[in-house]
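A single chain comes next, written as structure tokens; it is the form predicted on its own.
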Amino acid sequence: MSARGHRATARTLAWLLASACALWVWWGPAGRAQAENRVTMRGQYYRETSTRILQPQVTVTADAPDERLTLGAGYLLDAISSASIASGAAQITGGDKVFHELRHEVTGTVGSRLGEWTLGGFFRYSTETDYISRATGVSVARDLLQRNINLAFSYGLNLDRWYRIVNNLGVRQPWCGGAVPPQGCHKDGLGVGSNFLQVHLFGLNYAHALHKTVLASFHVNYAHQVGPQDNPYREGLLGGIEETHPRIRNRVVMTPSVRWAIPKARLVIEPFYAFYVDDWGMRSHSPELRVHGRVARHVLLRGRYRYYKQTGAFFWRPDGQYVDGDAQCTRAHPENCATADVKVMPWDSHTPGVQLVWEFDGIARHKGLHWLEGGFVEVTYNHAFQHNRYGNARIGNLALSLAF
């Protein structure tokens, strides 16, 4: 599997399993203001049989001068190492070897808390060897009934340009999808003959405090994607045929959730469920349970378990028989579609995980350590038992956050 394939897989899985929270996090949580200056350094690690991903990240938020205006900035480096033969890319690399790719991402955010209203916005620029992405978004939220209800809406727009690496020197050409020949693909303009992918993202969240210890919420996320969405490096798994996916995709995720606090036991029980559906014929169900506990005055422990199951896309063919069609791939003409993409096959997974958070407030009382007040270190580990070609995955996260 190519690095781009795994990068796309990580994005899709995150979208399927946590899209109810993703826009909420990226665009500044609409239900609460950033009431302090903070710098957070985070390192994420993903490892499976043929791929390793390292993601160091740093984010900074600061009030200017208070919660009425909060500014933020972030940088992420995505370092991917992946074996090439799994994607049929040996003809490009000159033999089976490890691909190394770097993705650079910078993000700017702005937020404001004005009475019962919370406003937010962001701009993100991301670039790698074979793509350039620009994204922007806004969010607005309103507290109601003495802040017992919060209603929030968000919108985001991704504008991407995709390319294909054609030799071991890093030379690239525009990629418009497998149905468009290289000579007919352009790196500018719009439409079928361009390498332009646009994604519109809409999010709606309703949160309601049903009791002083019970918070319920319901999130709906809709995405409309137009442009090349297939992988230019996977023809080795299709007998030399270019992979071809539909150029249009509509996705919906609905996520109800509950948080139930048990003060005497110092526990929070958090069950939620995500249902995904799209017009590629895919469905997924993802129930999850998280249990948060304060095991010591300044130590938090969280355990979680998630089950994920999805159906295949209408153009997934388990027998491996593909047709090299000359027209666009659509539901009405599946004979023009070809794929070996694990992301659109039927599969399921089990993911247990644990997280430990140590708050620094306890040691910040000592002389010379006051600057640690409000800070914490967070360690997370998840193990995904995946029943697909990727195999099992190990996912780790280490974060250090300091207030200033």
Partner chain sequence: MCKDGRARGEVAVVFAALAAITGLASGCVTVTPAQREQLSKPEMNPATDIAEDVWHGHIEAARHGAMGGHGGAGGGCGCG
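Model, not experiment: these values are computed from the prediction. Positions refer to the first chain, counted from 1.
Omitted here: the form predicted in complex with its partner chain. The next part is about that form.
Enquirer: With the partner absent here, would 58, 142 and 404 each sit within 4.5 Å of its partner chain in the predicted complex, counting heavy atoms only?
Expert: Verified in the predicted complex; spot residues all out of contact, no.
Enquirer: Determine which one of 164-172, 183-191, 253-261, 111-119 lies within 4.5 Å of its partner chain in the predicted complex, judging by heavy atom distances; exactly one does.
Expert: Partner-contacting stretch among the options: 253-261.
Enquirer: Quick one: does residue 48 come within 4.5 Å of its partner chain in the predicted complex, counting heavy atoms only?
Expert: Residue 48: contacts its partner chain in the predicted complex.
Enquirer: Within 4.5 Å, heavy atoms only: does residue 198 come near its partner chain in the predicted complex?
Expert: Residue 198: no contact with its partner chain in the predicted complex.
Enquirer: Is there a heavy atom of residue 310 no more than 4.5 Å from a heavy atom of its partner chain in the predicted complex?
Expert: Within the cut-off, so yes.
Enquirer: Can you check whether residue 38 is within 4.5 Å of its partner chain in the predicted complex, heavy atom basis?
Expert: Residue 38 lies outside the contact set for its partner chain.
Enquirer: Exactly one of 75, 123, 305, 206 has a non-hydrogen atom within 4.5 Å of its partner chain in the predicted complex; which residue is it?
Expert: Only one listed residue qualifies here, and that residue is 206.
Enquirer: Since the partner is left out here, which residues of 381-402 would have a heavy atom within 4.5 Å of its partner chain in the predicted complex?
Expert: Contacts from 381-402: 382, 389, 390, 395, 396, 397.
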